[in-house]
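Only one chain is given next, in structure tokens, and it is the form predicted on its own.
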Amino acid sequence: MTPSAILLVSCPDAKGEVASIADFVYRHGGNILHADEHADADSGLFLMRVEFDPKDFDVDLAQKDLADFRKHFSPIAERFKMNWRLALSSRRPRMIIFVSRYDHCLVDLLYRHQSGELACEIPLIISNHPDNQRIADFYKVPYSVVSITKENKQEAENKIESLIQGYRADFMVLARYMQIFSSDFVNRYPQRIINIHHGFLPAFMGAKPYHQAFERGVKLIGATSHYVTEVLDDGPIIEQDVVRVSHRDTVEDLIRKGRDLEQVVLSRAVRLHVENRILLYGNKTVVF
């Protein structure tokens, strides 16, 4: 694929924003490949994703702090009170996977990464159990076991923090990781921890959502991938999907059907994050 630059913008809705961004890219030699926008009437917010070919772009995008781009784009950003960030498709973000004993989401992510579906690096897998070491070995990914108990939770989180820093992770994915991080830990990584919940949020939060769904006799079950916040299962939703169930299905049937959903929904969410297709406002996401 041709390397591209992705500009993500959110600001108060006003006339001229799309034209100003398009003119900026054109004047500096860029060629727009994709442009998507959304105006939220309730909040008065405008959100936009612009992907362009930077081959002939006359602004230096190689600087880590984007100083040259910032200098040229700032007049537009200040005029429209824009929050913005620029990403390059050629840069592969580093993703650490967290897992407990269930391996279906882990295996799916590793397979899709190996097959080229996920344009990221996986430098490490962290688990609170040794069970999935063999899978990590098969895919040649380092595997670190960090046991967590009520008594050592702070010490364990400190060790995990050291691993995240040491492996230079850009974001983390909880692939059925059955531990709850402290608020202090979560708040250090806003919009950088993606979770898969085996339920169709906001219904059936917390533990054993399939059991809850079975008790209510639902006709659909779902899975939800979301960004982690300090409130359990309440972060901005990235991706969801559902499958029909019937009165003939047991709890075990719901769990089996749900696992198929979980791995697909999580992989979709990771891909959307890696491809810089998600913009947040409030507790919502806009996915382009």
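From 1 onward, residues are counted along the sequence shown. Source: prediction; values computed, not measured.
Just so you know, the form predicted in complex with a further copy of the same chain exists too; it's not on screen, but the next bit is about it.
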- Does any heavy atom of D103 come within 4.5 Å of a heavy atom of a further copy of the same chain in the model of the complex? yes
- Query: Is I238 one of the residues lying within 4.5 Å of a further copy of the same chain in the model of the complex, judged by heavy atom distances?
  - Reply: yes
- Contact label in the model of the complex: K219 to a further copy of the same chain, heavy atom within 4.5 Å: yes
- Item | a further copy of the same chain contact in the model of the complex: F204, any heavy atom under 4.5 Å | yes
- Message: Based on heavy atom distances of 4.5 Å or less, which listed stretch (163-171, 150-158, 187-195, 129-137) is in contact with a further copy of the same chain in the model of the complex?
- Response: 129-137
- Message: Each of V141, S144 and E230 within 4.5 Å of a further copy of the same chain in the model of the complex, by any heavy atom, yes or no?
- Response: no
- Item | Partner contacts for 24-44, taking a further copy of the same chain in the model of the complex and a 4.5 Å heavy atom cut-off | Y26, G29, G30, N31, I32, L33, H34, A35, D36, E37, H38, D42
